[in-house]
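Here we start with a single chain on its own, the form predicted alone, put down as structure tokens.
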């Protein structure tokens, strides 16, 4: 088994993040630091260690969805000492990792698992999984601004990917907008609205693929249904 797949299957991180751990010299195989991404291991014989812990393949997989509140970092250990989404998980008997991220000040749907192949199916660009956000901005937006967002705004000389954008409501002070993206560049939605001079009051992710946030309370998690899990494995 390729080392990065072994790490992701053990619930350390996604395959992409596991590759970073390998390149950074954080993984040992049979007592030696390994930095070659092409390393293959025998998962039944070789001893793989991360931060002094011997890694074992899980006997079963866990799939959760969480309503992440503002003010929590999407990391297992935050270098700034901030609260993390893993502080919200009551059962810590299984090592989980988050699939993708949400900004510290962004709330909404995030998925957690210990299944690396599943995580790869959700985040890999080739699968083009849709992510929907509800954006609340100050003031009233006009159609010309929606058109710019749909086409893809230019940030630092680079045009960002196109997005599906439609107004939801205007209450006289704030406009609510639905934004659907597939590529998901870092801070993409915030950059989009910054580029047209709109200040975001609240940014919330409400859907990943066919998985909806629904009425899940802030800070709470619940298991994904079999149908939701299967929707990413087609």
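Being a predicted model, the structure only gives us computed values, none of them experimental. Residue numbers count along the first chain shown, from 1.
Quick note: we don't show the form predicted together with a small molecule, though the next part is all about it.
- The chain is drawn here without the small molecule; in the model of the complex, the stretch among 119-127, 83-91, 101-109, 158-166 whose residues come within 4.5 Å of it by any heavy atom is 101-109.
- By the criterion of a heavy atom within 4.5 Å, residue 187 is counted among the residues contacting the small molecule in the model of the complex.
- Proximity of residue 203 to the small molecule in the model of the complex falls within the 4.5 Å heavy atom cutoff.
- The closest heavy atom approach of residue 133 to the small molecule in the model of the complex falls within 4.5 Å.
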